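One chain comes next, on its own, written out as structure tokens in the form predicted alone.
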Amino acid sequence: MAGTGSGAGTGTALETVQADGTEGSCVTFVLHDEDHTLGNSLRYMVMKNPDVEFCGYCITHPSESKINFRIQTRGALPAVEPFRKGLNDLMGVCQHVLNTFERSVKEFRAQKEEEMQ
């Protein structure tokens, strides 16, 4: 197995481990300082891609805060592409939730202020 990236000791949040002979279609991404919150939601977003054959993650040990996140794609698509797209899509969903929440809080405060008058 070939590995790239540094590791948690140097402050790097992401490492990649590629299986030999897969030409990038099967990669394990090691995400440091993360848990099921990111793992499960990112897995959901990545699995929506029809070019992804397998996507899964595991937490190596309850006392460690790192995730092994594996993606295997069909054909010649590099696994880093659906990983990047999944992260971007997830950021978009989170931004939508944040905007909706902030708008609702603003409307609630305006309504309460109106009732006080």
Partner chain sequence: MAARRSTDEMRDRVVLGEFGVRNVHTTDFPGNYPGYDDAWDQRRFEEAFRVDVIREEEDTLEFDMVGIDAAIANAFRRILLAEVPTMAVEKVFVYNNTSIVQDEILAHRLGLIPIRADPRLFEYRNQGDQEGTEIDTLQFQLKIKCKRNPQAAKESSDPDELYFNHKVYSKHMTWVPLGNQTDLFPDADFRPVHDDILIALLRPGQEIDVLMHCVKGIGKDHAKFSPVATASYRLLPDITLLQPIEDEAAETLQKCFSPGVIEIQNVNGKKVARVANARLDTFSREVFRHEGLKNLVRLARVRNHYIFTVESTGILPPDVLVSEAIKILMGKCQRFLNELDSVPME
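Remember, it's a predicted structure, so these values are computed and weren't measured experimentally. Numbering follows the first chain given and starts at 1.
Unshown form predicted together with its partner chain; subsequent notes refer to it.
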**Request:** Using a 4.5 Å heavy atom cut-off, state whether residue 40 contacts its partner chain in the predicted bound form.
**Result:** yes
Any of the heavy atoms of residue 88 lying within 4.5 Å of its partner chain in the predicted bound form?
yes
- Although its partner chain is absent from this view, report whether residue 22 comes within 4.5 Å of it in the predicted bound form, heavy atoms only. no
May I ask you to check whether residue 77 falls inside a 4.5 Å heavy atom distance of its partner chain in the predicted bound form?
no
Those residues of 34-55 with a non-hydrogen atom no more than 4.5 Å from its partner chain in the predicted bound form are 34, 35, 36, 37, 38, 40, 41, 43, 44, 45, 47, 48, 49, 50
